[in-house]
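Just the one chain here, laid out as structure tokens, in the form predicted alone.
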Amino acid sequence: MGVMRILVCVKRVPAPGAKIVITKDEQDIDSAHLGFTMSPHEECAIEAAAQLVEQHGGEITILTAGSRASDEQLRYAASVGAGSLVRIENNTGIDWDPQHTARSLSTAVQALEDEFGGYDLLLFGNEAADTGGYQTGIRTAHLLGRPIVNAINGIEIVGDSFVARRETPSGVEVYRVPTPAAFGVKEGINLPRYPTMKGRLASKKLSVAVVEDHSEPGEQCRVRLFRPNEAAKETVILGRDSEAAGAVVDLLEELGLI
């Protein structure tokens, strides 16, 4: 493997924990009072790429599809180690479905590889924090003809291959994947670093390459968005001081813990 080149795909999403308000036509979310970030899985993917480059050398490109507002997430990625930023223009105001997104990403990746050389590794978040579709990474890798393993929580390089680990209820699965490879990274694989002041200042100087989208729309159609009913939670006070001891024992017995 020569100079390693890694591309990480990210998405601008509402900040976790924010109250989501649906527009009257039920086709989008009202973002007037929302904060935005990138999916936590993708933050971990960027950190995984940064660690691989620190250990083995190489360069990192960040790719997203969105409006100019998505430059905020691109520059955040640059502040923690990315050297190239690319955005596919999407000014529709509505997220593309996974088919359209995958077609757009794969076309952009092919164009970047034709111009600058191939990527040894493509990294995606295990799923987007807003839609939770688990589709885009798999669809993109399939269109590019590359093997992909999703839900990984460990990556290392062995020879000319990448070795990925994935936890399962029965143990750990280990995959050895030749380059060029693709992985869907799961939150928890690492602890993403905070950008330094030097990194933030450098990210402001880095240009964002903007490319137009000419891919075909997907076949999936959004019908409506809705907020599920919030489940009320009831807090029961078992007692105070030593008076609670008996109730606690009864509860532990009911749960089968004693």
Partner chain sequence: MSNILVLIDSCEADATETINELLTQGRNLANQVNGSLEAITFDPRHKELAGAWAEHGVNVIHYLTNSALHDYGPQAWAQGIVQIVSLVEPISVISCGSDRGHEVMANVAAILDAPFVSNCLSVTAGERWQASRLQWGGSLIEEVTVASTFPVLSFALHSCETTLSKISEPLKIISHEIELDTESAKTIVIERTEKPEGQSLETSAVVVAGGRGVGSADGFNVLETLAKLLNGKVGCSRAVTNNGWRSHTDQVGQTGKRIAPDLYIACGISGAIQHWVGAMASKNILAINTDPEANMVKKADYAVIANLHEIIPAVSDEIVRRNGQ
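Just so you know, these numbers come straight off a predicted model, no measurement behind them. Residue numbers count along the first chain shown, from 1.
The same protein also has a form predicted together with the partner chain, omitted here; what follows describes it.
Taking the partner from elsewhere, residue 175 is found to have a heavy atom lying within 4.5 Å of the partner chain in the predicted complex. The partner chain in the predicted complex is approached by residue 230, whose closest heavy atom lies within 4.5 angstroms of it. Contact annotation: residue 131 falls within 4.5 Å of the partner chain in the predicted complex, judged by heavy atom distances. Proximity of residue 166 to the partner chain in the predicted complex falls within the 4.5 Å heavy atom cutoff. Listed stretches are 51-59, 64-72, 221-229, 203-211; the contact stretch with the partner chain in the predicted complex is 221-229, by a heavy atom cutoff of 4.5 Å. Only one of the listed residues (80, 112, 148, 88) places a non-hydrogen atom within 4.5 angstroms of the partner chain in the predicted complex, and that residue is 148. Annotation for 238-254: interface residues with the partner chain in the predicted complex are 238, 239, 240, 241, 242, 244, 245, 246, 248, 249, 250, 251, 252, 253 [heavy atom within 4.5 Å].
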